[in-house]
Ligand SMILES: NC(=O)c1ccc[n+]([C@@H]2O[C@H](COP(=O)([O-])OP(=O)(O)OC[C@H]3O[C@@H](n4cnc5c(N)ncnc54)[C@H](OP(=O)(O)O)[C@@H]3O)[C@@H](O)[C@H]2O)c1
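The form predicted on its own is given below as one chain in structure tokens.
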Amino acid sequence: MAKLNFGGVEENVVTREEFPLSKAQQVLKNETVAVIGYGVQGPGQALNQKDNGINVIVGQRKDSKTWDKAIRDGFVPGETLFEIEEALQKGTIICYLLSDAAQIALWPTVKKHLTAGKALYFSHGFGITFNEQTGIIPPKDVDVFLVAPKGSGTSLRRMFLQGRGLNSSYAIYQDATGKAFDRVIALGIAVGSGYLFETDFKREVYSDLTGERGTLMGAIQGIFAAQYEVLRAKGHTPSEAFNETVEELTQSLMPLVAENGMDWMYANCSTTAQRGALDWWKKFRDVTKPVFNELYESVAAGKESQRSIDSNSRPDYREKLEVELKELRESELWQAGKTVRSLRPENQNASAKENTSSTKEVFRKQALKTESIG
């Protein structure tokens, strides 16, 4: 395990160089990895393991949309695709990738199949950390660990196909067999992690819930909406407001940050932009930091987990979710965004390309006519 310096703090990190895929394949050669759930993380993790030569099966409800998706993705009913309980029985490592609410509902069935020596794998610390709320308490004779890719299952799969890797955290909650470390790191490499950094279940879920509600999703939408609404109120058009609020950030500036960091992005912007950003970033930090403190305390107190469980367990959850998503989708901000995205060169549809070709043909004929006149 390597020790790397992160801003002056040394942390344990596992890289592909020290734990290559060949080693992961060796560790997992006698395992059957049962991926339970084929929704958000399931497809990316299952397909990456499959492509990496791991013996992976999928457990999913038959005759569901996700069952059909697994078939389209190449999993074969009766061979690598099974009803959930049969997959649980066959698996030696259970990748528990259902939603948090679904994990609670299925737990009695899962626990029944966690016989001695098996492993229970999570990609989130929620169920274990908040076990007083979830009831998820594993038997003492199984390994319990997590690999948490820092992104969606879609991103995990896309980056894998591009030959890249998505960074992941890993944690061991229970080492019953003495093999938990090798098992969890092998799985982390097999699902397509770029590198793995050490954490524990509590820190993973506290940081994850804070991030989702903060800069990853909640805060960024709030900031987008605030700036867009101010620009619109001051007379700017929807296209201008959206381009200055979202499009330039996502298409131009964030790739620069991802490439070399915020300071490098600042150095590669205009001097006017540099001056403004340097003058204003601390003001935004100071005004939002109390909100982030409030958010973190809400996570640590179990309020956010309980709200998620209560809300996501209701039978009308998806209907209410759709109402909230519709509000976002139909807002002027994201309707303007839809139009802006459609105008990106890579998103021009076939008819637009055809129109372009027709226009080129007109210019070609005009040029020929001009030549013949000359």
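As the structure is a prediction and not an experimental result, all values here were calculated from the model. Note that residue numbering follows the sequence shown and begins at 1.
Below, we turn to the form predicted together with the named molecule, even though it does not appear here.
- The listed set 97, 119, 186, 196 contains one residue whose heavy atoms approach the named molecule in the predicted bound form to within 4.5 Å, identified as 97.
- Screening 239, 274, 134, 152 for any heavy atom within 4.5 Å of the named molecule in the predicted bound form leaves a single hit, 152.
- Taking non-hydrogen atoms only, residue 60 approaches the named molecule to within 4.5 angstroms in the predicted bound form.
- The closest non-hydrogen atom of residue 52 lies beyond 4.5 Å of the named molecule in the predicted bound form.
- Contact annotation: residue 190 falls outside 4.5 Å of the named molecule in the predicted bound form, judged by heavy atom distances.
- The closest non-hydrogen atom of residue 123 lies within 4.5 Å of the named molecule in the predicted bound form.
- Exactly one of the stretches 23 to 31, 339 to 347, 322 to 330, 37 to 45 approaches the named molecule in the predicted bound form with heavy atoms within 4.5 Å, and it is 37 to 45.
- For the partner-free chain shown, 60, 61, 64, 66, 84 of 55 to 94 come within 4.5 angstroms of the named molecule in the predicted bound form, judged by any non-hydrogen atom.
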